[in-house]
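The form predicted alone is given below as one chain in structure tokens.
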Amino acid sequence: MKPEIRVFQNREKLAIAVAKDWKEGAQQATRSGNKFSVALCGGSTPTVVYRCLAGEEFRQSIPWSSVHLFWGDERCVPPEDMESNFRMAQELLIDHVSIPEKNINRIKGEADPITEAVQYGEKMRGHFGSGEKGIPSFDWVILGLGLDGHTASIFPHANSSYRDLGLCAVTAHPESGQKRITMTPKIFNQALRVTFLVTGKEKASIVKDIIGEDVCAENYPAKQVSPVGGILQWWVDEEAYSALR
């Protein structure tokens, strides 16, 4: 699948574009009586997006009662831990908007990982229903990109092992060994829209490898994301795109 590529001057302008589309998606869902279900990612780029969404313009104009939040992955830590993806979203976004508590579907990083991976998959099925081939279909999946080509917590060294797993899996960071709970490509590839958000000069080389169609990039987990019937987007800042200029 050929992705749609948008290059922004900086990550602040990228964040505004994300917030505008978020607002439009939530308003459209409200008008049609549907849910607007979004899977969030960790990393540094989402912090700018969260702050933008929590700003006065979008905090007041987004119908948060239609928004349902999920997480693409989570570290196996308590929700108050500094490394928790949920904690970051809570402090920068959730605490500042009027989203109902029942619409917040965090991965319980403090729970037994294997049990929680199964339960989170069931939570998604309960939210979406059976879906195509029993796979939930998110309105929007937002993903980041690691320097090694990983996305969510799907790392290159274990890439092949995710293809036959369920909706969520337990993995470990290849260097620290820290356990993670992650959605698998089955979820990403069933979404209506998947957007990679990538910023920073340090990501330029891996962005070039993946969206520049380097044949060696096929082994990167991020390259395995290709939504069936959905939209694949790469939204990057000029620094992250610089190796492709």
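So that there is no doubt, residue numbering starts at 1 and follows the sequence shown. Treat the numbers as computed from the prediction; the structure is a model and nothing was measured.
What follows is about the form predicted together with a small molecule, which we do not show.
- At the 4.5 Å threshold, heavy atoms of Arg180 reach the small molecule in the predicted bound form.
- Within this chain, Gly42 lines the site of the small molecule in the predicted bound form, having a heavy atom no more than 4.5 Å away.
- Using a 4.5 angstroms limit between non-hydrogen atoms, Gly121 is distant from the small molecule in the predicted bound form.
- The small molecule is not shown here, but in the predicted bound form it comes within 4.5 Å of a heavy atom of Gly146.
- Heavy atoms of every residue among Arg75, Asn85 and Thr151 are located within 4.5 Å of the small molecule in the predicted bound form.
- In short, of 56 to 64, 24 to 32, 43 to 51, 204 to 212 it is 43 to 51 that has heavy atoms within 4.5 Å of the small molecule in the predicted bound form.
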